[in-house]
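Just one chain is shown here, as structure tokens, and it is the form predicted alone.
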Amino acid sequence: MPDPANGTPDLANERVDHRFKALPPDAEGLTVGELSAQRRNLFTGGFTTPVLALSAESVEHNLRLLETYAERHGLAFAPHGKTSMAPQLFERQLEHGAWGITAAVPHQARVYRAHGISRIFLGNELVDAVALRWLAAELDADPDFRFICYVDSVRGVELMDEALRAAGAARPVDVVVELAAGSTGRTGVRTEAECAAVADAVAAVPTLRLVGVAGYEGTMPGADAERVREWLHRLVGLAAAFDKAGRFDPAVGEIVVSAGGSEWFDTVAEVFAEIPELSLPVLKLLRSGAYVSHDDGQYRTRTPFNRIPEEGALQPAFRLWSQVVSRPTAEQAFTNAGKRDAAHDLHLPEAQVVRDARTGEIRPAEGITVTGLSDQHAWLATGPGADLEVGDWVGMGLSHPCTIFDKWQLIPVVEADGTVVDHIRTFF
């Protein structure tokens, strides 16, 4: 846990109260650490429904798997923290070999710093003058703090330089030129010639320092292995061209080449293995974030491990438990979890198991399908033979980790036998 003596919050000492849904009412006033130490059972220990549970075993498995994968392929990785916004998970990711943590916006970087993260990669061009003033103060106050962010426009460089000068920044901000993943990609510079113009703009100001190139292939329109590979070769070629042109000051120590979300990191590993020798060592930085929890939808289908099963397999770590509160007909039932509790931006929840309210037995959710969500209800279609009655708990798999985490501020970590061993605090 973070050390309060070093100025970082001690999450175990936060008090349990009404702010945190699903936690036992009789735990009011306990600290999170005290509640975790009681090792209550998720089903019989006073937790109310709906309740989101995170599998202790699956999280540990996933952490170890990506650590091993990165080591095997010579990759550094800075998992995207926006997935969980959970400093406890950041700490474990760092313990399992992460170089640092990726952020998308200034607020996330502030959360990271408040919890002691010493290396941050910001996957965006940072042009907010207030945020840049904060960043300059952080860099000046802590010589061990490493920060890297995108630049993707000459105008962005101008704005960054203006704000950093006004802030009296003593240390330059390290930047990487973002190459767009395709001509209609999300952000980034579209052509190599424009990349060179942005790099020229960086070289012309004392407040920024060019350390590499980067991009994100996950939003590439029509992405497939061939297109992603072609773009990655362009990214590597850009790094080599910049190096040949002497754009990297030897004082930077290493050249950063970064890509890789949660869908194409196998292709990233393949192409990055072919990076030619440059004038400085290369930090091959992967930024996949969804792996820590995986899911039962988007990434179950799209994880690269489906293409490389010999490398291992991630395990879905989330299960949302809700209770049947209405069984109006033989074809329909309703539970008390809805849009406020379950991610639904990509797929509906998936009914997986039922815990019998009479016996405590857990059985497969045969013949039960989630067909829709209201704000506080899940609509279930129940086929012939579906064994379900009011009071039963339905365990659901969820899709898209980034929108699963952000609906819960304190998430029980549960072992396979139902024992709650920890609680994960999120900061969205």
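Residue indices: 1-based, along the sequence shown. Keep in mind it's a predicted model, so treat the numbers as computed, not measured.
The form predicted in complex with another copy of the chain is left out here; the points below concern that form.
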property: Contact residue in the predicted bound form, chosen from A170, V105, A225, A166 - any heavy atom within 4.5 Å of another copy of the chain; result: V105
property: Option touching another copy of the chain, based on a heavy atom within 4.5 Å in the predicted bound form, out of Q352, T219, Q315, Q88; result: T219
property: Region of this chain that lies against another copy of the chain in the predicted bound form, out of 255-263, 139-147, 319-327, 69-77 [heavy atom, 4.5 Å]; result: 319-327
property: Site check E125, R155 and F427: each within 4.5 Å of another copy of the chain in the predicted bound form by heavy atom; result: yes
property: 4.5 angstroms heavy atom contact with another copy of the chain in the predicted bound form for T49; result: yes
property: H61, heavy atom within 4.5 angstroms of another copy of the chain in the predicted bound form; result: no
property: Residue contact check: E28 to another copy of the chain in the predicted bound form, 4.5 Å heavy atom; result: yes
property: Partner proximity in the predicted bound form: T419 to another copy of the chain, non-hydrogen atom cutoff 4.5 Å; result: no
property: Sequence-ordered residues of 374-407 touching another copy of the chain in the predicted bound form, heavy atom within 4.5 Å; result: S374, D375, Q376, H377, W379, E389, V390, G391, H400, C402, T403, D406
